Ligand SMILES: Nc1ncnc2c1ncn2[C@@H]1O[C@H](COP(=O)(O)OP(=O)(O)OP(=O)(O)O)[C@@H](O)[C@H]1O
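Have a look below at one chain only, the form predicted on its own, in structure tokens format.
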Amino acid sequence: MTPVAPASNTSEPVPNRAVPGDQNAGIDISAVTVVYGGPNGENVLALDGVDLRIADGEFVCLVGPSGCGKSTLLKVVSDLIPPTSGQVTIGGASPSEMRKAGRLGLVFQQANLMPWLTVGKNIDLLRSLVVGRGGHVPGTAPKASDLLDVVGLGGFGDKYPNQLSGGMQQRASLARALALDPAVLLMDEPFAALDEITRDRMAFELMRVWQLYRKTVLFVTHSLSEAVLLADRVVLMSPRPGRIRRVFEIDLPRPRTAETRLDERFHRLVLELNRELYAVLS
């Protein structure tokens, strides 16, 4: 299905900025609605008037039943699809401005590394593309070798993707997303295809990297326990049409460790989320 084109007057243009999102990378989602055109000409309401504000440097997880619009909302924020109505701004700039300036880092369920390039060259690919179209690479952008060290892949820069495990490929994908020093990380179920042990390790790896860089993160997951472990806030969405059902504040201390899962508050929060999810589905 393809999104129905937005009306021309649904949102005001956001003024251009020299370096979008440089001073503040908060995300402001205002009355966002997405209508898809169905295969038989019918309209499908995927998102209905979603309002959400994410602070600069905050880690927010989106959860909810399949088909509730979590990934659709992430695609709107990442400028992959336009909203039918409503508006998103990131640090006062539009998602399009942020994407074109290299200020959005995207990580998906599949690593999507170029198989003919080494891991190091995969990480440098975004730089090459930006320079190739006459753009500017931020002076704060770390070197590929430094990013490989950060994500625990030091010494693997000359390897090819097929020489890495699934978890290592996702580490490389995370390093690539950080290559232009983006203001925001947008992550759509990045660990869903991994086995449970690797997924667990990647969650702690992501938290370590987030503590280091403090990017604003919007993270989609189906795992309620993963969301509670990672997030400052967990946003539960309702079945289609997607609306925000409830926002959970995660009052667990950081840094979080394996012992965090033994905390009574952790279990209470996961239980609350489960109860609310079942209420949504009933």
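As the structure is a prediction and not an experimental result, all values here were calculated from the model. Throughout, we count residues from 1 along the sequence that is shown.
Not on display, but discussed next: the form predicted in complex with the named molecule.
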Every residue of 166, 174 and 191 near the named molecule in the predicted complex, heavy atom within 4.5 Å: no
Residue among 27, 218, 68, 231 with a heavy atom within 4.5 Å of the named molecule in the predicted complex: 68
Contact residue in the predicted complex, from 53, 214, 254, 222 (heavy atom within 4.5 Å of the named molecule): 222
Residue contact check: residue 46 to the named molecule in the predicted complex, 4.5 Å heavy atom: yes
Proximity of residue 36 to the named molecule in the predicted complex, heavy atoms at 4.5 Å: yes
The named molecule contact in the predicted complex: residue 72, any heavy atom under 4.5 Å: yes
Region of this chain that lies against the named molecule in the predicted complex, out of 53-61, 36-44, 223-231, 246-254 [heavy atom, 4.5 Å]: 36-44
